[in-house]
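In the form predicted alone, a lone chain appears below as structure tokens.
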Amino acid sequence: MGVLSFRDVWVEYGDKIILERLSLEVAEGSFVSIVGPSGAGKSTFLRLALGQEAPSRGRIFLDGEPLRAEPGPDRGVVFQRYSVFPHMTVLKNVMFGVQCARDGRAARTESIAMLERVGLGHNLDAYPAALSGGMQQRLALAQALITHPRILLLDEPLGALDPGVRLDMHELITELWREHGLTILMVTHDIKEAFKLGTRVIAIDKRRRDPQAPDRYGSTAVYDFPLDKPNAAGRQAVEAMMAPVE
């Protein structure tokens, strides 16, 4: 059993099916890249893992226990849109996540250490609006990691960044994953990024389609590739699935 288990999970909104028959085991310490076309339900999958949403059918387990339908400190999340508080300084953004659990001095010391680790040690008193996109995502990472989560959920966190900044963030995320012993689930539209960073790539899409009832079929894991060895065929299959239809 993995740290996270999805067992025959369905998500339905009225007559519309988003996910169906999704069964996955996520091993502790893995870096799982999640790809698929727009609207396939990738972000819904992350919300399920976060506990922000409950399945319509099926069950999700964390360490063998039913996952509560509420976010917990053991799971951190970073979104594509910078999930920071614009009215707070960089330091206060990070302290916000731990100030209830630590005394003021401890929260400040720990938050400064985390900001130094992500390269923002010289920007403690700046406000998010004064930061570049890459710096704001570093701040969002510090926010997510300050509570010491076991599982980090990344929802297109680098999609809005320039290529050079994106490469720097690849290196930082990989280092933080190893240093903190994290389990990471990352949604990305970038196939190269998925195969570069992940120890496993999962492609989510609709396995069956009916033009007469397109909403009555949900997505599931159509490809699942462990990356303990090169898998050129797997990458080609996922690239073909993601290619725009002409």
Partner chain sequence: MPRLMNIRPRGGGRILLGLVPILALLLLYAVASQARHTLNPNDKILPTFAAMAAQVNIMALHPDPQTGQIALVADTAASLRRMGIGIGLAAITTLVLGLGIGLLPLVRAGLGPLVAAIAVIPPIAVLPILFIVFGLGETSKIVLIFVGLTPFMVRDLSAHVAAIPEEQLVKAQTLGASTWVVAVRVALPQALPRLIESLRFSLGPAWVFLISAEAIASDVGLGYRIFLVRRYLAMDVIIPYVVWISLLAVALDWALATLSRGLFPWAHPKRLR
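The model shown is predicted, which means the values in this text are computed figures rather than measured ones. Numbering follows the first chain given and starts at 1.
Not on display, but discussed next: the form predicted together with the partner chain.
The listed set R166, R117, R108, R75 contains one residue whose heavy atoms approach the partner chain in the predicted bound form to within 4.5 Å, identified as R75. For the candidate set V84, M135, L176, L161, a heavy atom within 4.5 Å of the partner chain in the predicted bound form is found for exactly one residue, namely V84. When the partner chain is considered in the predicted bound form, Q52 lines it closely, a heavy atom lying within 4.5 Å. Remark: A144 counts among the residues lining the partner chain in the predicted bound form, judged by a heavy atom distance of 4.5 Å or less. When the partner chain is considered in the predicted bound form, G121 lies well away from it, no heavy atom lying within 4.5 Å.
Heavy atoms of I112 never reach within 4.5 Å of the partner chain in the predicted bound form, leaving it off the interface. Taken together, W10, I17 and E65 are entirely out of contact with the partner chain in the predicted bound form: none brings a heavy atom within 4.5 Å.
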